[in-house]
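In the block that follows, a single chain appears as structure tokens, in the form predicted alone.
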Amino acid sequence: MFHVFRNTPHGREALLQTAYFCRKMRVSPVVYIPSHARFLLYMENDVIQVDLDPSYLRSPETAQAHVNAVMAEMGMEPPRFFSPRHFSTPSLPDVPVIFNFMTCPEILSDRKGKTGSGYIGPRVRRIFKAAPFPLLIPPPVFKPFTSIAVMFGGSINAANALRLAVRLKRLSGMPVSLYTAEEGRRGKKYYEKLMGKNALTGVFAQTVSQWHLFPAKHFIENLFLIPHDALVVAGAYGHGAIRRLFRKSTLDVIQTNLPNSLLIVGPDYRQTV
């Protein structure tokens, strides 16, 4: 799991969330302590320049010790530290996409002052749109999770989110619940057919302990159903009714109204765990 470390109290909280995720899911953390204000992510179909918030370059002389201390607090060994070997320019390191997850706080690559308000910046959107791996967006303060909540609207990305949740359950043993906002007159049978179309009927029966269905027009109110200590797994793009209703993406609505960790599955996601 790739984590860009920010040597601040908020960066500590994000690293605690990464360390907890890695421990629960048996994933190895890889930490990058940046010495440049930007880097390039080489995706298969895109090359993304990440412009870091200036706080990511703060106090580099204490950063590694702070990382090791956080890992020790979580009962983990020191992580592997990533050091760039190739540079597109002297101040622009290249980061190869060779990991299975990435932690991506809202503040990463967004200097417009909207962080902390549930706003997922355009550069972060571009990352999860092109990433072959899921992105973990941690809450502002470290919060353990004990279950997995999948947002399922029937899209291909929602199906991939459920498949990912199945793998995560196998790794962690945590229970999985499904949450569906029913659009229009579409009922349970409609979504069951979508599961069958995506070869998920058997997976659902073996994995999902609870399925909550509610009207899309009451989407925000019913987010209260999601436990505060759940890891929320969602596809980056779903059906359009919720977006039309709120005039913004479903992810923005979820991020604005839930304090949970959010694991995003994008359209180029490939199952690797």
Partner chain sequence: MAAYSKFKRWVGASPQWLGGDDRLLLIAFGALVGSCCGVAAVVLNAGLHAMEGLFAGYRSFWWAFLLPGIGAALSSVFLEKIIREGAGHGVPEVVYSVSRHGGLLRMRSMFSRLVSSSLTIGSGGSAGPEAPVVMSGSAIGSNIARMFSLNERQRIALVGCGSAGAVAGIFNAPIAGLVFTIEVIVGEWTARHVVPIAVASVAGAQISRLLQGNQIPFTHLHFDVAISTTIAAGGLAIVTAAACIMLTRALRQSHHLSGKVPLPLWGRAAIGGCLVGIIGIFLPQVLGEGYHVIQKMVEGSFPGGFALVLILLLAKIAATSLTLGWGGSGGIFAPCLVVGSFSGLMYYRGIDALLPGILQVNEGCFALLGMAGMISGMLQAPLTAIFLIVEITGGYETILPLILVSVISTTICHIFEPASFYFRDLIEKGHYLRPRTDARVLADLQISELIEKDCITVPKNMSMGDFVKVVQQSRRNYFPVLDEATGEFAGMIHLDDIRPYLLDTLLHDTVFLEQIMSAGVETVDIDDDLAEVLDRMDDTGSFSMPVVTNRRFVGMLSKATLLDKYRKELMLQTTD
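Keep in mind the model is a prediction, meaning the values are calculated, not measured. Numbering follows the first chain given and starts at 1.
Separately, the form predicted in complex with its partner chain exists; it is not shown, and the next lines address it.
Engineer: Would residue 89 show up as a contact with its partner chain in the predicted bound form if we use heavy atoms at 4.5 Å?
Structural biologist: Yes, residue 89 is a contact residue.
Engineer: Indicate whether its partner chain has at least one heavy atom within 4.5 Å of a heavy atom of residue 73 in the predicted bound form.
Structural biologist: No.
Engineer: So, in the predicted bound form, is residue 226 in contact with its partner chain at a 4.5 angstroms heavy atom limit?
Structural biologist: The answer is no: residue 226 has no heavy atom within 4.5 Å of its partner chain.
Engineer: Given that the partner is absent here, does residue 55 sit within 4.5 Å of its partner chain in the predicted bound form, heavy atoms only?
Structural biologist: Taking the distances in the predicted bound form, the answer for residue 55 is no, it never comes within 4.5 Å of its partner chain.
Engineer: Going by heavy atoms within 4.5 Å, which of 39 to 47, 215 to 223, 61 to 69, 201 to 209 lines up against its partner chain in the predicted bound form?
Structural biologist: That would be stretch 39 to 47.
Engineer: Considering 170, 80, 188, 197, which brings a non-hydrogen atom within 4.5 Å of its partner chain in the predicted bound form?
Structural biologist: Flagged contact: 80.
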